[in-house]
Ligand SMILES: C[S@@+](CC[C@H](N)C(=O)[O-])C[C@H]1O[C@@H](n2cnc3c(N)ncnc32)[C@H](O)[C@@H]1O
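Single chain ahead, written as structure tokens, the form predicted on its own.
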Amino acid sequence: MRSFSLRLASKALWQMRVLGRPFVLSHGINASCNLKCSFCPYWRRPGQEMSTPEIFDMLKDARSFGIGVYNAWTVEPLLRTDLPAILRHAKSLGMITSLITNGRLLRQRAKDLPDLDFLSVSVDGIKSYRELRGIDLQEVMDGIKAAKAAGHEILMNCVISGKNMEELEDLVHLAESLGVWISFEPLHESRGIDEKVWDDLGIRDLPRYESAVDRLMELKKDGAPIINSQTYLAMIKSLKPRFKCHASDIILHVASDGSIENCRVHKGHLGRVSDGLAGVWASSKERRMKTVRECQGCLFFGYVENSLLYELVPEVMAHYEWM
């Protein structure tokens, strides 16, 4: 995987730094979910969905613009029956394909995804999982095992909250036992969610949290399959975004209805895919730059790690594993 990752990083840097274009198309592929997690804002927003032909056209446009990665996520991609055709089309265009899922339908659909390169499954706890997600963790474990049997490269992604800090090491060992990767990121307290949710789930016991992240850093040093860089782990330990965000340079965000948005935090409307991706990207440059200047920062794993790659941080470049 390492040689593949280095090639991928080189292509990404050329596209972003030399050509000034995004390398990742992050597509909120649908507007519905089969879970109702209290901390998630996405299932609360009703919306339209692009048709299969519209998505095909978007993918062709994205590839001609130099985008190399298609990431399907939110609200729950596996609910779309046409997902295999969409991934197949992206793959046929030469794009790397990735998918983020809650895993509830993974056991049933794992064999439907032969054109998927990277599979991320949200696993936020063991004992705390049912309280956080509302379903039995075994459903998701069965799905991960089915996906492994189908030959998929898998990342378990854990959002660290006040409910699961004592379980992080156990999650690492669970990932080891399953033969998969694992990543961590701290809970982002999104606007529009009842403050009672954040009072219940938020990271409030800082000494306990810092100790948990210290342990992750030790495990990473000892060879545990943790995707996060040490640079990132040290940053989230302090809960202070000490990096220059390049999310708006790296990722083109498309919502389920075809709207192009700035990022996960600042969902400002930049245009529509029907306007042409290159045109929207060029016309929105000043707005994107202004948003970055005024942003207080976040600690989303993908934004930070890819921004560090963009900034040529040696440790991140040397151990880059997952887009």
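This is a predicted model, so every value here is computed, not measured. Don't overthink the numbering: it's just position in the shown sequence, from 1.
There is another form of this protein, the form predicted in complex with the named molecule, and it is not shown here; the text below is about that form.
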Heavy atom within 4.5 Å of the named molecule in the predicted complex, from candidates L132, V75, I144, C245, belongs to V75
Here the chain is shown alone; which of G258, P41, G297, G66 has a heavy atom within 4.5 Å of the named molecule in the predicted complex? P41
In the predicted complex, which of the stretches 267-275, 56-64, 286-294, 41-49 has residues with heavy atoms within 4.5 Å of the named molecule? 41-49
Give a yes or no for L87: in the predicted complex, does one of its heavy atoms lie within 4.5 Å of a heavy atom belonging to the named molecule? no
S190, heavy atom within 4.5 angstroms of the named molecule in the predicted complex: yes
In the predicted complex, W198 touching the named molecule (heavy atom, 4.5 Å): yes
Look up in the predicted complex whether S98 has a non-hydrogen atom within 4.5 angstroms of the named molecule, and give yes or no. no
Check each residue of 130-160 against the named molecule in the predicted complex and list those with a heavy atom within 4.5 Å, in sequence order. R133, N157, V159
